[in-house]
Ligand code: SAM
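Next up: just one chain, as structure tokens, the form predicted alone.
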């Protein structure tokens, strides 16, 4: 996907794209590809694939939520900033938290962000379960792109979400994974809000967005430790 194609597809998403946005993405892409030559951040090696499989793919989150109506976003396992940093570029009013336990990736983000002229963004080098107490019941949109299986992800992510707000998983074609998550969704006092399946442009693959709405505050004292979450995910056959 070249830049002209990217602009066209982004406009189809209903996103206003400015010359400043294009400048920021060009800096982002060039720095990512240069940095990736000495530090493994992504398997994607070309500018065209960065624009399609990272930048455009990140922005598809708005197919399922109106980010103009939200104030805070936390991205679990953000890696090189996808989707959280891309969303920050296009929705600058958001307070964004980029969380990743990989020190090499958070160092990249710390060096990139000053180049992009964005503020109200925090990079957190930690595991999500370690920061749960700080963010408990406080974030409008928690998201994760291509991170662990959904029952585990739900139990790690939903405690951070504010009541009546959303956890949104960005997945490939994961219908079976979603079916296996129904027990977790109900057990965690949430409800399945919306599921959208679509194809990326240029036959680049199937994507699924899964939105789960939180109905009740999480009690920190009742949260299971990470070891138990991994060993016995919230599926009936494992309980």
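Note that the structure is a prediction, hence the values are computed from the model and not measured. Numbering follows the first chain given and starts at 1.
Although not depicted, the form predicted together with the named molecule is the subject of the following passage.
* Asked: Can you check whether residue 108 is within 4.5 Å of the named molecule in the predicted complex, heavy atom basis?
  -> Heavy-atom contact with the named molecule at 4.5 Å: absent for residue 108.
* Asked: Would residue 117 count as touching the named molecule in the predicted complex under a 4.5 Å heavy atom rule?
  -> No.
* Does any heavy atom of residue 128 come within 4.5 Å of a heavy atom of the named molecule in the predicted complex? -> Flag for residue 128 set to yes.
* Asked: With the cut-off set at 4.5 Å between non-hydrogen atoms, does residue 101 touch the named molecule in the predicted complex?
  -> It does: once the named molecule is placed as it appears in the predicted complex, residue 101 has a heavy atom within 4.5 Å of it.
* Decide if the three candidate residues 54, 82 and 146 all line the named molecule in the predicted complex, where lining means a heavy atom within 4.5 Å. => Verified in the predicted complex; spot residues all in contact, yes.
* If contact means any heavy atom within 4.5 Å, which of 134 to 142, 159 to 167, 87 to 95, 74 to 82 contacts the named molecule in the predicted complex? -> Single hit among the candidates: 74 to 82.
* Output the sequence-ordered list of residues from 162 to 183 with at least one heavy atom within 4.5 Å of the named molecule in the predicted complex. => Result: empty, none.
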